[in-house]
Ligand SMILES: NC(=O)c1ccc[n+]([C@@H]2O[C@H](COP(=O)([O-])OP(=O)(O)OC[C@H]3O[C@@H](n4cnc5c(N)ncnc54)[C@H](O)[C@@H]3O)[C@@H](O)[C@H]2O)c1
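Shown below, as structure tokens, is a lone chain in the form predicted on its own; questions about how it binds or moves come after it.
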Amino acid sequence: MSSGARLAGKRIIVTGAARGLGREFVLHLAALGARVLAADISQAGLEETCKQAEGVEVLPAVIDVSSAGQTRALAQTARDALGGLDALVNNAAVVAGLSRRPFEEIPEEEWDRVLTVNVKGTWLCAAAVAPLLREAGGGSIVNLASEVAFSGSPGVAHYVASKSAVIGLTRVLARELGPSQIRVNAIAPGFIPNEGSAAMLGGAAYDVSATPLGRLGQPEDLLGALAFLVSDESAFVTGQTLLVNGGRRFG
């Protein structure tokens, strides 16, 4: 099988697809033959993602993942446009615009926004597409966590709490959806330089001395793990969180 046909026939939703890692995920999965529904709250960003996906099948869907009604509409779009669904990549999250501060100084509205999008949004999207995955005879859900759930990175308590919750949600969904042959796993990236992650450092440099591979991660470092988890190659893998962080350990 050629690399371009690795995911041939797979119907996949990627949320948070308007920029950054989400855009990279969309382009990679589509290049491997998947039919991808790219979802995000930013119409302009989705238009750019689709523009960059020239030659492969990527369809845009403007939605707010924190809205139950809109996530159900996203599932219906997958049914109508793709004929069903084989995988969901829960990538949408609030990170851009966050800055480090003591936990007791985080504004309540910012705390609520982070938890609502990062956790509630992950739950709502999974709930909305579960019927489609059952109809397909099974499938895969991949949630995006973060190494901060293991490091307890100070200064972003709301983001750490949200990504820790995503890991717990991954485990329970794996158990509840397993009988339907729906696998649920998480990827926990290390530090990947981009607009959002750079802001979280507060101007400080990321120390790579504790990373055995001795370098920063790049978006392409996550693509193989993602392709594996949405493909049939991971048919007996569920409830797992895969750290993709160069071997960095904490605690």
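So that there is no doubt, residue numbering starts at 1 and follows the sequence shown. All values derive from a computational prediction rather than experimental measurement.
What comes next is about the form predicted together with the ligand, which does not appear here.
In the model of the complex, the ligand sits beyond 4.5 Å of every heavy atom of A78. Although the partner is absent from this view, L144 contacts the ligand in the model of the complex, with a non-hydrogen atom inside 4.5 angstroms. When the ligand is considered in the model of the complex, V65 lines it closely, a heavy atom lying within 4.5 Å.
Contact annotation for G239: none of its heavy atoms lies within 4.5 Å of the ligand in the model of the complex.
When you look in the model of the complex, the only residue of I192, L226, A30, L37 with a non-hydrogen atom within 4.5 Å of the ligand is I192.
Of the residues A73, A96, V172, A127, just one reaches the ligand in the model of the complex with a heavy atom at 4.5 Å or closer; this is A96. Only one listed stretch (100 to 108, 150 to 158, 85 to 93, 177 to 185) carries heavy atoms within 4.5 Å of the ligand in the model of the complex, and that stretch is 85 to 93. Residues A18, R19, G20, L21, G22 of 18 to 32 are found to place at least one heavy atom within 4.5 Å of the ligand in the model of the complex.
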